[in-house]
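Structure 1 and structure 2 below are two forms of the same protein chain, each written out on its own as structure tokens.
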Structure 1
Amino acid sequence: MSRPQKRATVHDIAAAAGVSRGTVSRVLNGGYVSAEARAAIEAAILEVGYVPNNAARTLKMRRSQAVGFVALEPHSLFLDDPNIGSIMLGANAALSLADHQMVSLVVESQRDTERVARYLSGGFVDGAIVVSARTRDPIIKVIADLGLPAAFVGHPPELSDNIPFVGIDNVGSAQAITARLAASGRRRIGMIAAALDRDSGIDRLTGFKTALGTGYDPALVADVPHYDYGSGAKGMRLLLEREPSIDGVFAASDAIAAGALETLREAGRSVPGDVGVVGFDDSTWAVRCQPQLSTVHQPAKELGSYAAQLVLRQLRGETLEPGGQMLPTPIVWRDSA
């Protein structure tokens, strides 16, 4: 296998030709530019060795018509996260409509990292969707170095400024559901906060603090490692010990909320009578709990579909603005608060 090589980009052409990226894009997409600019751009294309992404028909033999779906942290995604299946099916449906094959790649070990990096740079895929990206992940670096058309699901790491992403507003969503819980008349509201080593965890805690304002009490935050049931059961025990009169809980995920409900049941507290509990995700947990959860709806299928669209648009030669798109996260109010 060859080592990853940096693929020339529209930016390189623009720099070499001394024109804007928009002008380069117009040439690549068959639009109108001055004869002078066109000549400069065509010379620059040869100079930098640019392979146009939008020349799909002429390059058919060099295109795999496949897009990688790269799951980093697969252990937690596939065993704990009830959303990954929906994200995958959403991405697959969008790619399928465009006649692209989604190939899902699991990165669990150092060995996987190296092999997947070779695979991505070996021409087997035309683009990649990356879920659960972390800062300084070698896979992200390979994608960036190659200039492979890509998109992230979720907040991207710093390295990837020029790769678009689709996600949700964790701060705003957490703030909204906490405010709704407070508006239901709860006085002592705590949070079971998880995964404070990553953006989603930090952002949900920030939203919680913002909603409570001066009423925020750091003693009422239980810090647990994972978004899972066991962490929820444990976090709720901590909160009950610290504040027996607690009457509201924002759980950072539905699985955490489910664990918290179990602890509350064991402690003889009724939900929502004694304690109102709200979750986050609107996953299968939300409707399996007793009582069913009031929660934030995370549009998992749409996230996958949107990420696939971001990759397909790049494959069609569009130059996307860097940055992210946030999808709406309506609050679903059921019986737990």
Structure 2
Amino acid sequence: MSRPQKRATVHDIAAAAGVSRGTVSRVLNGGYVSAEARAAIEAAILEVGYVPNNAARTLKMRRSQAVGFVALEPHSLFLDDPNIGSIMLGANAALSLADHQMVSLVVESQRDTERVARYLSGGFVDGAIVVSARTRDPIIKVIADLGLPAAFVGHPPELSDNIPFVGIDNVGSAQAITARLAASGRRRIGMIAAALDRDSGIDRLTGFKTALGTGYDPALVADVPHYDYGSGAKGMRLLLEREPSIDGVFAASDAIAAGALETLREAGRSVPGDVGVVGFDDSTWAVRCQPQLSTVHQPAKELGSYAAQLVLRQLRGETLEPGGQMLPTPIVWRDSA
């Protein structure tokens, strides 16, 4: 029976390179040595087949080299929402470049909250990126109490300016696209408003109200729980029941707009002939729809990448400026309005 091959050590590298163990350690930990010594050590590493013991390094540094991606969304929406997927890909790319692993943590129920809180408290991750945090969400308090390096995508209302975040101007963006919809000649404009328990949903409704001014009618707002296709179909049915002559709709996300388009087709309404529809996100939903959606471009990958960089900067000991960063959100005008 063959014995497992012995793992090469720092001693083996030092012997092969003809230098001290301390010199080898300086090279492995990024310290300064002469160019000649570094070349000899690098050659010796290849010769002896040395592989760093990351487990031992983690114990010594008390770091896991992992960052949690905490999505406070229903499990089904986590899988179906291309916006969340793009944020995750952007975060993972930035963490990967820094040799950090991303751990996905989906919170839908109270049981999930308790489980994730225990996980975060157990030292399994060095930091956290939080997406879709709701007002007074207990996960926010857990992260604050732990003093865990964290960054939020979006800006939950109860957070202080000292907690870093990256987001978009949901109010201004919603106001801009609603105003453009109104400028196309629509007179009875409604909104399918989602996720009013978090900042993005509240802010998009605020922007919609501001754009319409005295023309705003609260009866033409359908309140739905999630940024998903089913909520859009349901919300559009509610609006048609309340106002059969509705001729414009601002959907709080592209997935919601896609659901609204299906309901309008079933009702025999043409888009944009009878009803103009606009969405929000510029996700893959926007170009899959027929007609393609006029929408607000949300830079999802950039949001994820920026949030990851905020966490990594904290882990490096950098002091961050108070407040957060807002990324631009241009309107993309297509055929649906």
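Quick note, the numbers are simply positions in structure 1, starting from 1. Computed from a predicted model, the values in this text were never measured in an experiment. In this text, rigid core is short for the largest set of C-alphas that superpose within 1.5 Å between two forms.
Shown first, as structure 1, is the form predicted together with another copy of the chain.
Superposition of the core reveals a Cα shift of 2 Å or more for residue 15 between the two structures. Core-superposed comparison between the two structures: the C-alpha position of residue 243 differs by less than 2 Å. When the rigid core is held fixed, the Cα atom of residue 329 travels less than 2 angstroms between the two structures. Once the rigid core is matched between the two structures, the CA atom of residue 317 is found 4.8 Å away.
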